[in-house]
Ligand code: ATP
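Taking the form predicted alone, here's one chain by itself in structure tokens.
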């Protein structure tokens, strides 16, 4: 069944197949199946947002999202592999073996009934008010993200001049930028991120609102900001995104301690800036090469300027050992950072180990070396040492020595044995608990 004909008071542009570049074979078969299944059940459904934008730009989307007139509960009934998530935004996640398709119900306009879901500062606290296709388009953030693709008719539906802004390579908010940012300040991060990823220019009114309202990000939950931080720095565009955050004065909203240290004229700050630039660039290279990236190393890098500064102070002024100074500084900086962005323990503990292990590299005795190369965090700490050596914060000869040590056969054998033991321990700790034996009297 094809999508139902929609009526709209907005300026709707429907682009036929012959006038756009999207081909069905460039779209995920799972996404097409989801849309057609929902339509066959009598609802409207379209591909929406970034996937349509990227297809029009000749890029291959990583994710495919669907917008529909069906409620999350109605979508769930159609797919046994569906799970509903979210409180603020109720979504349906449809799971395939190697892919997740996210399905969102058309959002409705604000009215008296849902005004209580809006905070005094304009933030939308809950948004499960459903509406029509054109209402959904108005509720989206950027014009270039308010594009819909009808799989059945193979047409592009543009309700907000998104195609025009794509051609002009412009990032523009739908509606009044200040109002939209007050509704959800995270939209400022998204505007900066998409401008960096697409190499588009943010139009003046939107840009001005970002500079004016950046402080509103302080009202956003730490967990949401952590999620946004991962998108910004671990998606392959970290270097461009970092520069955009700096340009639009948003970086300090995520990492206030680091921003404060970068703005200060303290000793070693130029090497800190250089280390951030190199480390962030290396993160993009790892993503490009298909190598793993983790928030633990990312946060160790991004918080390092303040950790290094505090550790130097405690070591020189409080006569602490280098390791003790790093442990104290790391604890203080981590605690303060958690008030801005969350960092789960599975990342925060390795992050602090990367810092505290740095003085161990100065100890070259055989027992110390053997113990260090077998540490689960050795490779991450070693990579961090290389970064420090590259900017002059550590002895380059020391880094070269540790590089050569790892080429020795006995060390490689020792690491292999340690990895086998660690893998076994990891599997042992994740064994499924035994089922309790049922009482024979029942």
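Because the structure is predicted, anything quoted here is derived from the model rather than measured. Residue numbers count along the first chain shown, from 1.
Below, we turn to the form predicted together with the named molecule, even though it does not appear here.
Only one of 140, 352, 172, 308 lies close to the named molecule in the predicted complex, with a heavy atom inside 4.5 Å, and it is 140. Checked against the named molecule in the predicted complex, the residues 36, 396, 379, 62 give one hit for a heavy atom within 4.5 Å, which is 62. Stretch 224 to 232 is the contacting one of 224 to 232, 238 to 246, 329 to 337, 256 to 264, since its residues have non-hydrogen atoms within 4.5 Å of the named molecule in the predicted complex. Although the named molecule is omitted here, in the predicted complex all of 49, 184 and 194 have a heavy atom within 4.5 Å of it. Using a 4.5 angstroms threshold between heavy atoms, residue 155 stays clear of the named molecule in the predicted complex. Among heavy atoms of residue 145, some come within 4.5 Å of the named molecule in the predicted complex. The closest non-hydrogen atom of residue 93 lies beyond 4.5 Å of the named molecule in the predicted complex. At a distance threshold of 4.5 angstroms between non-hydrogen atoms, residue 190 is in contact with the named molecule in the predicted complex.
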